[in-house]
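Next comes just one chain, in structure tokens: the form predicted alone.
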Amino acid sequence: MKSTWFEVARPQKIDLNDWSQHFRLVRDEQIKEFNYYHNPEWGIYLSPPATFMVYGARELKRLKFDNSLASLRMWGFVFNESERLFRAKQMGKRVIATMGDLGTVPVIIMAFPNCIPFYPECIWWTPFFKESTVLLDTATELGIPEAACFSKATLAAFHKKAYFPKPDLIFASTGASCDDYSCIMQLVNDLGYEMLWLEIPFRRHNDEQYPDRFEEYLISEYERVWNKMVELTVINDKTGLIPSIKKANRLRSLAERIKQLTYEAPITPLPALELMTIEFGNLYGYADLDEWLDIVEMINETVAKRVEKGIGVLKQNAIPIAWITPSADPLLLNLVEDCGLRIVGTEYVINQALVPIEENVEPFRALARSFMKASLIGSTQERIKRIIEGVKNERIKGVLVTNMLGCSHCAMETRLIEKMLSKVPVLSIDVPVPFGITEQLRTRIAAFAETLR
């Protein structure tokens, strides 16, 4: 049981200086209560916020964060991930890179003791947090066109060998997925990294009958993952999949509960930046699922209390919109809220990490069925189905689409999305490289907000 932390006077978004002031109120013994890999000696991740800026996360000085203790704990944990992965390697854990599938293969990896999954593609936020183009420029030098998805930072990270330890295994999923990232993974392979390639089938409409071979094919691919892990660990106990799936479901349920509370509350109890971080945590728990679960439990309690008290971080008249495709630059989520908008729906192409996994069928079959609900691998209409329902119910008043210049996924879908959402105002913007947010872009967002108002 955690000791009682200090209480903030009221919910609000705070800057780096305020965040540092908050940290001074935390007692040393409280700091030790939160640690990764269950080690209170070297597993502490709560540090003064300025520490992360000194380490290179310079965009922190521009961002505003939720002032709850749960959120401050969350950010300390998220920014600690690189250190955590290197520490895992030092203490003899197996660090496994899972690429391309976004949410399912890690559930298999976590069924093996002392095995830590992580997603190298999540490094795409690093250039923005660090306000640096080093990774992007390096990727260009390694053969990725300058106008390409920001996930190309992954290639540079593998090349530099400084952002995460060398993985013990790499599982690379391709097929009905992201074309750009498939190319990036092939170039990582060319750097000399051995990879086990997995094939993803195309997702059909929910009202169409799946051929049995789709499900069976995915099961066979997951069995290949299992066999490779058995080869690495010399452990072959499939009963470990049961608690792994239960943990994944618990996390998915908590994240969905937080989103639902936040979307439906009269006053927004949690900012969009924290919500996006929570949603992406479903992929792999930021390399320590147990601690991440505890953090999300704490956030859920905080949000529930705020809703019960009728308090929040935005004004009550903030206009509800949906956000399609995640923004590589976290600052944009701040700017949208500063313009008087609130996020009440998202389509971040990670639906496969949000849906519950069946617990009453064979584990691999359950994983295959949950993955076939992925929004990344199906039609555009299926991808934005929930957004359209929100518009029809008049819960969503506008839609913001964030594109990556050169990303084939965005280029193929954005105009289709705009056409399908013709009954609601839509703003499509390209996310610029670090330091690329101009006054013109700010003005476009402000004008969009004013149009909705």
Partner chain sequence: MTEILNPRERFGLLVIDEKPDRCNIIPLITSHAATVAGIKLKEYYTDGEAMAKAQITAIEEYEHDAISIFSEVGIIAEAMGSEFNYPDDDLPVLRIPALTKFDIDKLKIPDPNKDSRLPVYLEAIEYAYSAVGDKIPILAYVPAPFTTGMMLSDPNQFLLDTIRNPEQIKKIIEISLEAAIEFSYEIINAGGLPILVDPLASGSVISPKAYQEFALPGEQGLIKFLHRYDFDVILHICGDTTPILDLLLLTGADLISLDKVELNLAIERLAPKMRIIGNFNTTKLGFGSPDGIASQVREMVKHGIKAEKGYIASTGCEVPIRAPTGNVKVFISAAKEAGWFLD
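Quick caveat, the model's predicted, so the values are computed rather than measured. Positions refer to the first chain, counted from 1.
This next part talks about the form predicted together with its partner chain, which is not shown.
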- Since exactly one of 63, 31, 424, 70 fits, which has a heavy atom within 4.5 Å of its partner chain in the predicted complex? 31
- Task: State the residue from 384, 401, 57, 391 whose non-hydrogen atoms include one within 4.5 Å of its partner chain in the predicted complex.
- Result: 57
- Find out whether any non-hydrogen atom of residue 290 is located within 4.5 angstroms of its partner chain in the predicted complex, and reply yes or no. no
- Spell out, yes or no, whether the shortest heavy atom distance between residue 17 and its partner chain in the predicted complex is within 4.5 Å. yes
- Counting only non-hydrogen atoms and a 4.5 angstroms cut-off, does residue 159 reach its partner chain in the predicted complex? yes
- Any of the heavy atoms of residue 26 lying within 4.5 Å of its partner chain in the predicted complex? yes
- Contact segment among 126 to 134, 368 to 376, 242 to 250, 304 to 312, judged by heavy atoms lying within 4.5 Å of its partner chain in the predicted complex: 126 to 134
- Message: Going through 39 to 75, which residues have a heavy atom within 4.5 Å of its partner chain in the predicted complex? Please give them in sequence order.
- Response: 44, 46, 47, 48, 50, 51, 53, 54, 55, 56, 57, 58, 61
